[in-house]
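Below, in structure tokens: the form predicted alone, a single chain.
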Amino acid sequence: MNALHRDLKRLVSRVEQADGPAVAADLARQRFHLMPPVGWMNDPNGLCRFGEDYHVFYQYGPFDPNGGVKHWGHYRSRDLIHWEQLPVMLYPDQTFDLHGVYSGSAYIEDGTMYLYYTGNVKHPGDYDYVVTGRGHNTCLAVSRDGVTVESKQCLMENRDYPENLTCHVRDPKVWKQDGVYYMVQGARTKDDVGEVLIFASDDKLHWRVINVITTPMPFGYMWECPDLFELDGQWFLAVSPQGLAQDGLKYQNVYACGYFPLYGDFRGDCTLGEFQEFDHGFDFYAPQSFEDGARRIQLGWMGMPDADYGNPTAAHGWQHCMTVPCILTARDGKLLRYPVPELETLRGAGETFTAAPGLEKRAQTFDLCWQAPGAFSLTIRDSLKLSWADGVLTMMLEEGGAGRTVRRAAVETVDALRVLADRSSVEVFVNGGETVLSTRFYPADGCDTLRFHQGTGAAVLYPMCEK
């Protein structure tokens, strides 16, 4: 533990104790989503199951609700529902990560947690910090108890990556297969083309580039937060591409987030299929998944970098949250995303009814399941209007959008609709997770009206209890 580490540890504790009560009093604080105790939250990191516990690390800026130098915040759970806040896991306290402990992953082996991450260093001087002036170091922290760090070291620097790349190489995701350790990292070339690097290692420490995966034509200038995995015999490469122009109902956000089906062997000859977006709402980015027995669970950051809308919670000392944990399943070369069943334990007694135009219900945090609604329209807490007609699902925000306006998704039919609403977020799952829309929103205090304007069909409304 060096002096910088000791000082940062004290400072984080002090700011959490000093600002925590005011943050906790904000009426926009969520009831069943992970949030920062104070300050800023973005990308989920190091998702894993270590022994009997689930661990979620995340990009954490404790000193500034608008960003600031990044640490790894830490939550732990036995059931994916009730979470214990633990002390910060990784601090920016070394020469190779002093300007930010950026995103990464966890690999578990022999009772040890290996945390791979990007150490960010910005050298002083007249640099653009894209091609020059930035060190993006691949780093490793080791923990044997899942709570404290035993050691940290730098494994790779800019000079260890291919020469055609900018300084933007980051977000390592590590796994083991066929007796070999593999790592993916996102990259930006000097020609402003996004790609993913494939690394291999025999010992988890010494890595070599064995392949580069990209598209035949440029698809954005940077691919962030890659995740490569197999489901039911099909491989998928998840990335968050930056620099895509809107194309009809595609890529409506400033940055996209989705996946390619991958055909062939990622270690050699392979091709990417059509890119599919994970989410069509305003706030979903940089997701990460992990294996939990036979299932693959994903969390995403319910935010969007560089968006032209914001969150009024920043004025109360905090900003952003995670999505609920979701299970990924594969069907016909596409991924479906649907909440883990553990979430249903937070439901109160459900009210079964038949939806009809003009019907009103009272609910602030709820889980609405609506079967065969057909063409429908409903308003949530006088702020968010959700509707479907003529093959288009629309999410429209007016009051309470904090700059958010409208998002649309092509949906052929709506056979089943699930709306999961927390105090300042809504997640919409269509047809068992075939299409998902996620957003933050900020209704007027006390507003709890759910209005049905169009559509019929059997529905159940569950109030959601405090986690």
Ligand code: FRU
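Residues carry their position along the shown sequence, with the first being 1. Fair warning: this is a prediction, and the values are worked out from it, not measured in the lab.
The form predicted together with the named molecule exists for this protein as well; it is not shown, and the discussion that follows is about that form.
Colleague: Since exactly one of A238, V184, A286, A106 fits, which has a heavy atom within 4.5 Å of the named molecule in the model of the complex?
Modeller: Only one option qualifies, and that one is A286.
Colleague: Pick from R170, H74, K152, R188: which residue has any heavy atom within 4.5 angstroms of the named molecule in the model of the complex?
Modeller: After the contact test, the surviving option is R170.
Colleague: Taking heavy atoms only, is H55 within 4.5 angstroms of the named molecule in the model of the complex?
Modeller: Because no heavy atom of H55 falls inside 4.5 Å of the named molecule in the model of the complex, the answer is no.
Colleague: Would you check, heavy atoms only and a 4.5 Å threshold, whether W301 touches the named molecule in the model of the complex?
Modeller: The answer is yes: W301 has a heavy atom within 4.5 Å of the named molecule.
Colleague: In the model of the complex, does C225 have a heavy atom within 4.5 Å of the named molecule?
Modeller: Result yes; C225 sits at the interface with the named molecule in the model of the complex.
Colleague: May I ask you to state whether E427 is within 4.5 Å of the named molecule in the model of the complex, using heavy atom distances?
Modeller: Judged by the heavy-atom cut-off of 4.5 Å, E427 is well away from the named molecule in the model of the complex.
Colleague: Would you confirm whether the three residues H136, N158 and T166 all fall within 4.5 Å of the named molecule in the model of the complex, going by non-hydrogen atoms?
Modeller: None of them does, since no heavy atom lies within 4.5 Å of the partner.
Colleague: Partner absent here, but in the model of the complex, which of 41-49, 428-436, 397-405, 23-31 has residues with a heavy atom within 4.5 Å of the named molecule?
Modeller: It is 41-49 that comes within 4.5 Å of the partner.
Colleague: For a quick check, can you give me the residues of 50-76 that have a heavy atom within 4.5 Å of the named molecule in the model of the complex?
Modeller: If the 4.5 Å heavy-atom criterion is applied to the named molecule in the model of the complex, 50-76 yields Q59, K70.
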